[in-house]
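One chain comes next, on its own, written as structure tokens: the form predicted on its own.
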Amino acid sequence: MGELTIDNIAISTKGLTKHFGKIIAVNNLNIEIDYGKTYALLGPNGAGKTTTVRMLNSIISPTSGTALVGGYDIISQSIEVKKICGFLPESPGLYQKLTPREFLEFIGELYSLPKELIITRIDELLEIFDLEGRENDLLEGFSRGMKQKVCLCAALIQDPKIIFLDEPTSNLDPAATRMVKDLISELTRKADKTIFICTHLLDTAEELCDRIGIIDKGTLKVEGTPRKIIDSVNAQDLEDAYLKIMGVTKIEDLLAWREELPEKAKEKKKRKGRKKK
């Protein structure tokens, strides 16, 4: 296997593969993402998006292949990888008997941040995510959307270079979704963060991302800018391109059975008649 190079590359994978028994979750993934860019991995449930992110965060080890994240090897330098990355999982865990402030203090201490810096960042994040006034309430009384906001704060508290967001707008209302989208744009444009998003929301990917990869059954089917992907299949927009690339039938085709049913019924009767003879 050849050496991976870093240069201006924030994330680089080479033959990244993960098997769970006989199931191939991710198959020979090769991608490169520049620093300061936003990248989306699109695909249906079970496509391999979350497995990819878990490998890139050194949470699980690949079956074969490797990757560099921030210049660190995900296998041999896993601690360094975790120090420079922020990760929001799709189904984050929270300590329900803690308050947002207590939970964020705990996360900050895990990263060995100075106490004063933890307090300052918590105050800033609570303001950004409109959680002021609720910072001392127990998390068990929060809605799913409010808990998602707290988890986003946790992913950002150590000011990571590279941020992984697995379905970042999950469970959020329209106003909160807009706020998260704006935050992602600000992080890349003003703070020069590199953001890797896993999502099945095409509008989010098209609006926010510099490059998009479409993955299905563990295999990367296509990659490029949103416009390049759209043009590659002569599509009208990203949704149309995605449907074509994934081979998904449009609703009018799915409903065509209503017109075909009478003809199929007649043919079935004819076949039965011939068999009786």
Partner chain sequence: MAAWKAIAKTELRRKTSSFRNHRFLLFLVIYTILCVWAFLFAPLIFDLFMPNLVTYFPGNVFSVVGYLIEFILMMLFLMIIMYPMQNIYRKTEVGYKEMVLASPARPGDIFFGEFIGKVPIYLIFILALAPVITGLINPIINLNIIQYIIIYLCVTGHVIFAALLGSILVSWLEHKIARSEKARDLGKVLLFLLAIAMVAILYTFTYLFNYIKSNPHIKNYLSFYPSLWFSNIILYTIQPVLISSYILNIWVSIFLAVFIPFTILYITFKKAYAFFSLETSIEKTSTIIEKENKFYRFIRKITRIKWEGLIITQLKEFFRKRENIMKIVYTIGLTLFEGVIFAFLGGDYPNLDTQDISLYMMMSVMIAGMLFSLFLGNFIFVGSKELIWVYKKSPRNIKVLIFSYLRMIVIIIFFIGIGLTIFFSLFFQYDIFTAIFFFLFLIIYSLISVSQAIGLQCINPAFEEKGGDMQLTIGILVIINMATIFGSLFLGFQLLGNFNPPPELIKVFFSLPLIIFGTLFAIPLLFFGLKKLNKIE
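Positions refer to the first chain, counted from 1. Just so you know, these numbers come straight off a predicted model, no measurement behind them.
Absent from the display: the form predicted in complex with the partner chain. The rest refers to it.
> Can you tell me if D137 lies within 4.5 angstroms of the partner chain in the predicted bound form, counting non-hydrogen atoms only?
So D137 counts as contacting the partner chain.
> Do I79 and the partner chain share at least one heavy atom pair within 4.5 Å in the predicted bound form?
Answer yes; at least one heavy atom of I79 falls within 4.5 Å of the partner chain in the predicted bound form.
> K37 near the partner chain in the predicted bound form, any heavy atom under 4.5 Å?
No, no contact at 4.5 Å.
> Classify I59 as contacting or not contacting the partner chain in the predicted bound form by the rule of any non-hydrogen atom within 4.5 angstroms, answering yes or no.
Yes, I59 lies within 4.5 Å of the partner chain in the predicted bound form.
> Quick one: from N171, S185, T99, T120, grab the residue that has a heavy atom within 4.5 Å of the partner chain in the predicted bound form.
Looking at N171, S185, T99, T120 one by one, just T99 meets the 4.5 Å heavy-atom criterion.
> Exactly one stretch in 102-110, 121-129, 185-193, 67-75 has heavy atoms within 4.5 Å of the partner chain in the predicted bound form; which is it?
The contacting stretch here is 102-110.
> The partner chain is absent from this chain, but in the predicted bound form, do K181, G224 and V233 each have a non-hydrogen atom within 4.5 Å of it?
The answer is no; none of K181, G224 and V233 reaches the partner chain.
> Counting only heavy atoms, which residues in 17-55 are within 4.5 Å of the partner chain in the predicted bound form?
Heavy-atom contacts within 4.5 Å come from K18, F20, R54.
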